[in-house]
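In the form predicted on its own, a lone chain appears below as structure tokens.
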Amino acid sequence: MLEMEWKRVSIRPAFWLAIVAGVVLAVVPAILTWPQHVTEDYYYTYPRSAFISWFYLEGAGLYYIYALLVPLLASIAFADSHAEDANTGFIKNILTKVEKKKYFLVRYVFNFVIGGVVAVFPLILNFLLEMAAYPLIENNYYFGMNLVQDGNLLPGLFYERPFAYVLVVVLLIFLLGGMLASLGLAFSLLVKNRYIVLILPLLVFMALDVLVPFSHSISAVFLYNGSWNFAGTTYLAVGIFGSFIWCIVQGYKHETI
């Protein structure tokens, strides 16, 4: 079934639209920060590195658009797949070949991974482009490289093991993207309108930002380099395990779909 899911997502226009949007969001900031007409002395007098040029830490320009679009990018890739199968009747064809238990489990896991990959794709691509533009100068808090401070995510890791810091950020946003895609999939078991399914994760995301104080908002914790707190753990626990349990319970609730 995994092979079938991959074939389906690889021909979905929405998936490739999300990828193209990710390329634009990653490449344009890299072009804007690309060094021009400089010599080797430039790096001695101005210690700009790939780490501090990464648009996650720059937090300006197109990054604001990326942060706003993350829920939509994560969900449009594949979150409406169950609604599509139910509306077209394709799910009946699948369930004649695959057990219902396996169908929901594989669909959940695959949708989670695709949502996470689409969410982090711009981050990874932008960092690779910044690596092509700037050297990997060791981060120094006292030398104009203090973008990560005590109130931010893991400042000690950023200055001691910056690559590990990048991996942690990518992992957290991967989990965020997977969680948002899973929420869309969970909604599709109640709402068969594909467009509503795709927009609901964005609405939930925005509601959490409005209703929760900024320091504990989902945007601040995951996308704006805020300090990790119980809110981040709560978002992941409720969003991932809650949507998984909901999908399993609702999927098995009726003998027929």
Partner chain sequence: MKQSNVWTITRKGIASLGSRWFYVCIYFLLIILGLIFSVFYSYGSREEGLIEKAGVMDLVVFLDQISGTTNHSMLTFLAIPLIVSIVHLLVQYQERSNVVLKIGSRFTLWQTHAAFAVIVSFILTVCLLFISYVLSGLIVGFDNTWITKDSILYELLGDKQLFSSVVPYVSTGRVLTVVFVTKFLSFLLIFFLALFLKRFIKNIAIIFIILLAMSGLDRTGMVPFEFFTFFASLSLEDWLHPVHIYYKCFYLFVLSLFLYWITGLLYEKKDFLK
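Here the structure is a predicted model, which means the values were calculated and not measured. Positions refer to the first chain, counted from 1.
One more form of this protein exists, namely the form predicted in complex with its partner chain; it is left out here, but the text below deals with it.
Peer 1: Thinking of Val27, Val120 and Leu128 as the candidate spot, does its partner chain come within 4.5 Å of a heavy atom on all of them in the predicted complex?
Peer 2: No, the whole trio is out of contact, none within 4.5 Å by any heavy atom.
Peer 1: Does Leu68 reach its partner chain in the predicted complex if we count a contact as any heavy atom within 4.5 Å?
Peer 2: Judged by the heavy-atom cut-off of 4.5 Å, Leu68 is in contact with its partner chain in the predicted complex.
Peer 1: Taking heavy atoms only, is Ile76 within 4.5 angstroms of its partner chain in the predicted complex?
Peer 2: It does: once its partner chain is placed as it appears in the predicted complex, Ile76 has a heavy atom within 4.5 Å of it.
Peer 1: Although its partner chain is absent from this view, report whether Pro35 comes within 4.5 Å of it in the predicted complex, heavy atoms only.
Peer 2: Result no; Pro35 lies far from its partner chain in the predicted complex.
Peer 1: Is it the case that Leu72, even though its partner is missing from this view, gets within 4.5 Å of its partner chain in the predicted complex, heavy atoms only?
Peer 2: Heavy-atom contact with its partner chain at 4.5 Å: present for Leu72.
Peer 1: Which pick from Leu17, Ile248, Val23, Ala237 sits with a heavy atom within 4.5 Å of its partner chain in the predicted complex?
Peer 2: Partner contact (heavy atom, 4.5 Å) among the options: Leu17.
Peer 1: Considering only 186-206, what residues come within 4.5 Å of its partner chain in the predicted complex, judged by heavy atoms?
Peer 2: The stretch touches the partner through Asn193, Tyr195, Ile196, Leu198, Ile199, Leu202, Leu203, Met206.
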